[in-house]
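First comes one chain, alone, set out as structure tokens in the form predicted alone.
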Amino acid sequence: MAQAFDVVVIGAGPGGYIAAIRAAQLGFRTAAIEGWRNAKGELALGGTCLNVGCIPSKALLASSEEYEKAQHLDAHGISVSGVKIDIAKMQSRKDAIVAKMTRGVEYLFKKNKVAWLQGFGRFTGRSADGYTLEVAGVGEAQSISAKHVIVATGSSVRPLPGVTIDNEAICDNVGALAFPAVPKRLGVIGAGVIGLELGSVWRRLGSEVTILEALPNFLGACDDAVSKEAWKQFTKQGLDIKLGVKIGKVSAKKSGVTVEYTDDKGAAQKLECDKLVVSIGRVPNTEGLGCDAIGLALDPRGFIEVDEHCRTALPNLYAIGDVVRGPMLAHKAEDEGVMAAELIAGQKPHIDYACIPWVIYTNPEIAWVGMSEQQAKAKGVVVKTGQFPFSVNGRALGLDEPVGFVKVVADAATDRVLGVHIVHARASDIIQEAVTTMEFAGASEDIARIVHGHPTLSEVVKEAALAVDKRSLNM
């Protein structure tokens, strides 16, 4: 007889495992379906983010930053010589962090009595009582039923037509996180979040990095002031970023990889590199989900259509994270997972999608929330802005992190904060004050009037808010 559950979550990445835990906390008999295997062939929870995405990339970013810092400590009166890299040890540290995190999710499942159904799930039918699913791919296939289902199957790397990823010479994020040695020449196709972060890691460790981007503008989703500053800093560091290119033939040989492309002036060019990373975006994992078996329609891009509360058109069926509209961000998926579970319980949760922060973990980091100045103006909103640099902030100078700024975009009529944009080594942490302010519909005056500790990096947020009214105090 098939096992019956109140809630079944398909996928145990950040959105899925959080949804399952919250559903279990609310008293539902809950199961999560996951068949991910790590590089050792072991079953693991956590999906792309914990295994080959957010967590391992941040571990390598930190290691590469420490290596680079160790070579530039003269200003602190510290002399260091003979700095060496042990890539194997660096990778081992990364793998240990990943293992700790994924085991932590497994512990949380046991603590909250979430059943881990090992394998991959697909719908086989639906009735008035709910849905039937098959779990297969690990051991003997089994059938289960659920009154409520939350789809959290995540996303996969968008393929580049005509290019085969072997994660040896031509890699996606999985291969780029596992290089056993520093490639002398690294090519990256795509100047988005993944391309910039991974390019930064290996550039700091010694690679000559060339990034090829199809779009004519750099970081077009960012505020113009941010994209200009980011371009200045990244190119100064040594990233060779070429915009407006058209990729042609990609050839892999024993000697390396050759990328033929056309530059922004229409001239034929060729990039020779030892390793190539393809990072041109991601696509939703909906293939093989069995949507046809239950009449669940997908949009032309393969996403599951949902409303503002992640409800599909079918009863008791939700979809969250990378398989639905909106940014492909782990924290967005997590909050959607909580929302879906609480809606099933009859609660009334809500997510303000205008208040979801974005972060690029380069150095300096880039973080923003809400609208850019250009987006606001395009919508016909009259704005006023304030910007303040870290170069005159005592804490930033003491940390030897003076690069970057905070920019506040506010409604000219109401002073309500519409967006905040940050370039700085600690931007990912500083942005949260802005998120909280916007969540409570705060004004730039609210930030300006709040007492900020001294000396802290957060004082720059206050000064930027003061600058909205042209009354910054330290510049």
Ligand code: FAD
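Since the structure is predicted, the reported quantities are computational estimates derived from the model, not experimental observations. The first residue of the sequence shown is number 1, and the count goes up from there.
Although it is not shown, the form predicted in complex with flavin-adenine dinucleotide is what the next lines describe.
- Taking the partner from elsewhere, residue 337 is found to have every heavy atom lying beyond 4.5 Å of flavin-adenine dinucleotide in the predicted complex.
- At the 4.5 Å threshold, heavy atoms of residue 36 reach flavin-adenine dinucleotide in the predicted complex.
- At least one heavy atom of residue 154 is located within 4.5 Å of flavin-adenine dinucleotide in the predicted complex.
- In the predicted complex, at least one heavy atom of residue 329 sits within 4.5 Å of flavin-adenine dinucleotide.
- Candidate site formed by 363, 430 and 462: none of these residues places a non-hydrogen atom within 4.5 angstroms of flavin-adenine dinucleotide in the predicted complex.
- Comparing 95 to 103, 383 to 391, 317 to 325, 228 to 236 against flavin-adenine dinucleotide in the predicted complex, the single stretch with non-hydrogen atoms within 4.5 angstroms of it is 317 to 325.
- In the predicted complex, the residues of 101 to 124 lying within 4.5 Å of flavin-adenine dinucleotide by at least one heavy atom are, in order, 119, 120, 121.
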